[in-house]
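The chain below stands alone, shown as C-alpha cells; this is the form predicted on its own.
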Amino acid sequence: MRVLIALGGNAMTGPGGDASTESQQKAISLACEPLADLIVDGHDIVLTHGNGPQVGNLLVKNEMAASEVPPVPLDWCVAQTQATIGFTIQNALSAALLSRGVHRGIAALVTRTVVDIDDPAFRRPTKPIGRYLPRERAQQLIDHGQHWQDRGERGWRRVVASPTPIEVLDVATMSALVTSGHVVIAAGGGGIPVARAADGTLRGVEAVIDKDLTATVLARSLAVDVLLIATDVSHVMVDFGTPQARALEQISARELREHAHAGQFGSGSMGPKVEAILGFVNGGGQRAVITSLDRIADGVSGVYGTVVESARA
C-alpha cells in the first residue's frame, strides 16, 4: 500500500523535549526503526513531520539576536527546519534499511503549502509559539512587526496566524519519486506557508500551518491508501482524565465526528489530529489511524490504534 505517516514532535526530540542535536539524532534514529520495517514489508512510504521544538530553537536565537540582526521570518524558519530534519531522517532511515540489507532512495523535499492570504487567521493571530518573555524583551520583537500578547504572570508570548492549508505544491514530483521506489519526506511542519498574488506569483507569509491538516491535503493529493498519524499515545481517548475514560479503537467517521462536536478533543492537542483523519476518510481515503510510533505497523494494517475506515473499505 501507499502510506503517509505523519511523525509528531515527540519523535524528533529526547526525553522532556530535549532538542539538542544529539538528542534529536537519537530520537529520529529510534523512530526510523519501525519505518524501515514497513518499507521492508513492501509498503510505499511518504513521511511528513512536526517541527515545533526546532522552530522554537530558532525563535530563541531570533530573540537573543534581535538587537543585532533582524529576526528570521517564520517561512524561513520552517524552510530551515524542514531541511535539517529531512536530511537527519534520510541518514537515520538509510542506516536502518542498510542494517536490514535494503538499499532505497530517500528524497527530502523543501515543500511549500499554499494558504489564502484572506484567511481569517491572518486578521486575528491566535496560535502561541515560542517561549514567554518579559515585556521589555518582547517589545524589541514587537518593534520588528511581530504580534505578542500579555499572558499575565508568565509574561508575554508571541501569537501567529495558523491558516487552513489549501494545496501542497510539487505533488507531481513527489508522486514520480514514490512511483520510482523512493521514500519521500515532504511538507514538514505543515509546509512553508506561501500565498498566491493576483498575478500567480508566490510569497512566503508569517504563519504556521498545522502539520496534521497538511498531512490530509498531501495524502489526498498523492492518493495514498492509509494516513497514519504517529503520536505519543496508542489511542484517542474520550472522557480523558475521568473515571469514565476509554480508548477509541475501530470507529466510524460519524461516531468520531460526534465526539469531536461534543468537545472531547482539545484544539491544541488531539483536535487537529481527529480533524485530519476525518478529512482524509471523508475525502475518499481508505483508512486513517492515530496511534503510537512503536505500533505503526499494526496501525497500517488496521488492527491497532484509533482506526477509521472508509465506508467503501
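Rigid core: the largest C-alpha set superposing within 1.5 Å between the two forms. Note that the structure is a prediction, hence the values are computed from the model and not measured. For every residue, the number given is its place in the sequence shown, counted from 1.
In what follows, reference is made to the form predicted together with another copy of the chain, a form of this protein that is not presented.
Enquirer: In the predicted bound form, does Ala95 have a heavy atom within 4.5 Å of another copy of the chain?
Expert: Heavy-atom contact with another copy of the chain at 4.5 Å: present for Ala95.
Enquirer: Check whether Val110 has any heavy atom within 4.5 Å of a heavy atom of another copy of the chain in the predicted bound form, and answer yes or no.
Expert: Yes, Val110 sits close enough to another copy of the chain in the predicted bound form that at least one of its heavy atoms falls within 4.5 Å.
Enquirer: So in the predicted bound form, does Leu177 come within 4.5 Å of another copy of the chain, heavy atom to heavy atom?
Expert: Contact check for Leu177: yes, within 4.5 Å of another copy of the chain in the predicted bound form.
Enquirer: Check whether Arg203 has any heavy atom within 4.5 Å of a heavy atom of another copy of the chain in the predicted bound form, and answer yes or no.
Expert: Yes, contact at 4.5 Å.
Enquirer: Are all three of Ser221, Asn282 and Ser310 close to another copy of the chain in the predicted bound form, meaning a heavy atom of each within 4.5 Å?
Expert: None of them does, since no heavy atom lies within 4.5 Å of the partner.
Enquirer: Heavy atoms within 4.5 Å of another copy of the chain in the predicted bound form: which of the stretches 211-219, 143-151, 194-202, 230-238 has them?
Expert: Flagged stretch: 194-202.
Enquirer: Within 4.5 Å of another copy of the chain in the predicted bound form, heavy atoms considered, which of Thr164, Gln139, Thr173, Thr126?
Expert: Exactly one residue meets the criterion: Thr173.
Enquirer: Between 52-78 and another copy of the chain in the predicted bound form, list the residues on our side with a heavy atom within 4.5 Å.
Expert: Result: Asn57, Leu58, Val60, Lys61, Asn62, Met64, Ala65, Ser67, Glu68, Val69, Pro70, Pro71, Val72, Pro73, Asp75, Trp76.
Enquirer: Quick one: once the rigid core is lined up, does Gln244 have its C-alpha move by 2 Å or more between the shown form and the other one?
Expert: Shift at Gln244: below 2 Å after core fit.
Enquirer: Is the C-alpha displacement of Gly284 equal to or greater than 2 Å between the shown form and the other one once the rigid core has been superposed?
Expert: Gly284 C-alpha, core-superposed: shift of less than 2 Å.
Enquirer: Answer yes if the Cα of Val69 shifts by 2 angstroms or more between the shown form and the other one on a rigid-core superposition, and no otherwise.
Expert: Yes, its C-alpha moves 2 Å or more.
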